[in-house]
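A single chain comes next, written as structure tokens; it is the form predicted on its own.
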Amino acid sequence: MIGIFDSGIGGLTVVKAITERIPGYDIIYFGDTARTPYGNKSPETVIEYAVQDTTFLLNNGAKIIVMACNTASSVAFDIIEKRFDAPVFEVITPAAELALESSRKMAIGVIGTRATVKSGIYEKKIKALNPGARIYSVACPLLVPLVEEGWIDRPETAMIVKKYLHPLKVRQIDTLILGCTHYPLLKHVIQRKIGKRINIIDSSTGVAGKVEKFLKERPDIDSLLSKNGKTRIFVSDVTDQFAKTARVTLKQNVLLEHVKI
């Protein structure tokens, strides 16, 4: 199975991207809804959570791990990769690469949680690939709770998105990285507020491409993965809103399995 974890519901955008890109693979997903969001936690706490999440997925049959959480990817990836004997993927590098391919002026905006923005990980990744690129980052701490609450199309959410994006519009960026896997659920709002000419980079599609490429190049790993087209969704706290948003995101009925980590 392909194991995927996130702080909450946002990682289901990665589940969706992977099932569309490489259909048929069994997936096990863990959403840490009892402890979401990760973005306002200390790096030490996020690392602890990421280790627990990864351990759960591997103990339940995952053969590869996708860290669908940008916050966890930004502060815990190196530790997870070293500690566990399984291929591990993060969502930041693929998004950085896609942004550089997309940007014409090398003026790239990033929105993410406080922890992701504070880490400076997108700046480091992009600058390593293209030192001449200009990167402008804005923390958007209210967006994850709004998505988890299901306030996708509320006018209040649109107002908050507009407020967050204003500094990036002033910088005249031409590409915007959604530096949190919750944010694609607000993509229509973000596109409307940032402007239709701005290229929006969704990290979920980027990591799906990385997983596809890896499995083509590593048939030894690919052969370990079950391919019955089944997706199991585990959460640390069951909520009606999670179930509703999951159905909309995956476009199918879902069974949420409650587990304590």
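Numbering starts at 1 and runs along the sequence shown. Computed from a prediction, not measured in an experiment: that's the story for all the values here.
Form predicted in complex with a further copy of the same chain: not shown, discussed below.
Exactly one listed residue, out of I160, V189, A107, L168, brings a non-hydrogen atom to within 4.5 Å of a further copy of the same chain in the model of the complex: I160. Shown alone here, Y49 lies within 4.5 Å of a further copy of the same chain in the model of the complex, counting heavy atoms only. In the model of the complex, a further copy of the same chain sits beyond 4.5 Å of every heavy atom of G120. Residue contact check for T205: none of its heavy atoms lie within 4.5 Å of a further copy of the same chain in the model of the complex.
Taking the partner from elsewhere, F77 is found to have every heavy atom lying beyond 4.5 Å of a further copy of the same chain in the model of the complex. Using a 4.5 Å heavy atom cutoff, none of T19, A86 and K227 lies near a further copy of the same chain in the model of the complex. Segments offered: 28-36, 190-198, 215-223, 53-61. Contacting a further copy of the same chain in the model of the complex at heavy atom distances within 4.5 Å is 28-36.
Counting a residue when any of its non-hydrogen atoms is within 4.5 Å of a further copy of the same chain in the model of the complex, the hits in 205-244 run S236, D237, V238, T239, D240, Q241, F242.
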